[in-house]
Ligand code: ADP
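First, one chain by itself: the form predicted on its own, in structure tokens.
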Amino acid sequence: MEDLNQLKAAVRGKRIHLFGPPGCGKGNRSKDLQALGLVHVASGGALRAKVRDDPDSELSKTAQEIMKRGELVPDEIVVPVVMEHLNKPECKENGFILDGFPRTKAQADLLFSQVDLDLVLLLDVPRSFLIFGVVGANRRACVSCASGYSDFDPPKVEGVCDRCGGTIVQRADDTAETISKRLDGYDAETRAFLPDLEARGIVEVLPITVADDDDVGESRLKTLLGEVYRVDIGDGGTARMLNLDGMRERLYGFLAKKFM
């Protein structure tokens, strides 16, 4: 969009939940929404901040051990931390993006008993890409601002974040085995309550693939080793995928149509 100020004003105060499996781009879409003035509330980030800021508490020690094993933190730890963020004045005034929460029906029931959402954005990424995009394409993230990178969307200077200049590292638990386990858990626990959200009429799908008849410049498409990447979408078909810039434009265009 040409006038981001209008879009920022339109989304101010909105409460948006990003919904999708591990590796679908929730972190990057969160950054795009955060640039519009919304407050980013991620369960993982909130937990890591708790461990960093209060390392000697029993809650922090327990959470740290669980995260080191690549396992999901249980409700009795993650729910109080996330709800504390949502109750902050900045979230109530500016609006927020929920990233990675709720993860289970129990969490969703708790959330919806206290918070009304304006929008649930379902990030539609082919399952065949999810493991490859994390492991095969060397997914990594900035330790300071959590911006995501990969061989599809590398930083301008390897190891240095384009956004904040922080150090980029690969997460120790980004392995094929761990990601497969996360995807199975997503299907069993998280995607299972999607119909509840759809019944509320607040779910919108934001796809990452691009139809062959869509006129999209290569600068907005994922490329690998200098070639436009095509992902398997089932039944023998393939499709092009939007890169970071392409998805940001698609997201902002969608929000403009919905809220302006």
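Rigid core (definition): largest C-alpha set, two forms, superposition within 1.5 Å. Sequential numbering from 1, following the sequence displayed. A quick note: this is a predicted structure, and the numbers were derived from the prediction, not measured.
What follows is about the form predicted in complex with the named molecule, which we do not show.
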- Even though the named molecule is not shown here, does residue 191 get within 4.5 Å of it in the predicted bound form, heavy atoms only? no
- Query: Is there a heavy atom of residue 207 lying 4.5 Å or less from a heavy atom of the named molecule in the predicted bound form?
  - Reply: no
- Query: Taking heavy atoms only, is residue 95 within 4.5 angstroms of the named molecule in the predicted bound form?
  - Reply: no
- Message: Is residue 22 near the named molecule? Define near as a heavy atom within 4.5 Å, in the predicted bound form.
- Response: yes
- Picking from 45-53, 213-221, 31-39, 195-203, which part of the chain touches the named molecule in the predicted bound form when contact means heavy atoms within 4.5 Å? 45-53
- Scan 78, 111, 146, 130 and let me know which has any heavy atom within 4.5 Å of the named molecule in the predicted bound form. 78
- So which bits of 167-183 sit within 4.5 Å of the named molecule in the predicted bound form, heavy atoms only? 171, 173, 182
- Query: Superposing on the rigid core, does the Cα of residue 35 end up 2 Å or more away between the shown form and the other one?
  - Reply: no
- Could you check whether the CA atom of residue 51 moves 2 Å or more between the shown form and the other one, using the rigid core for the fit? yes
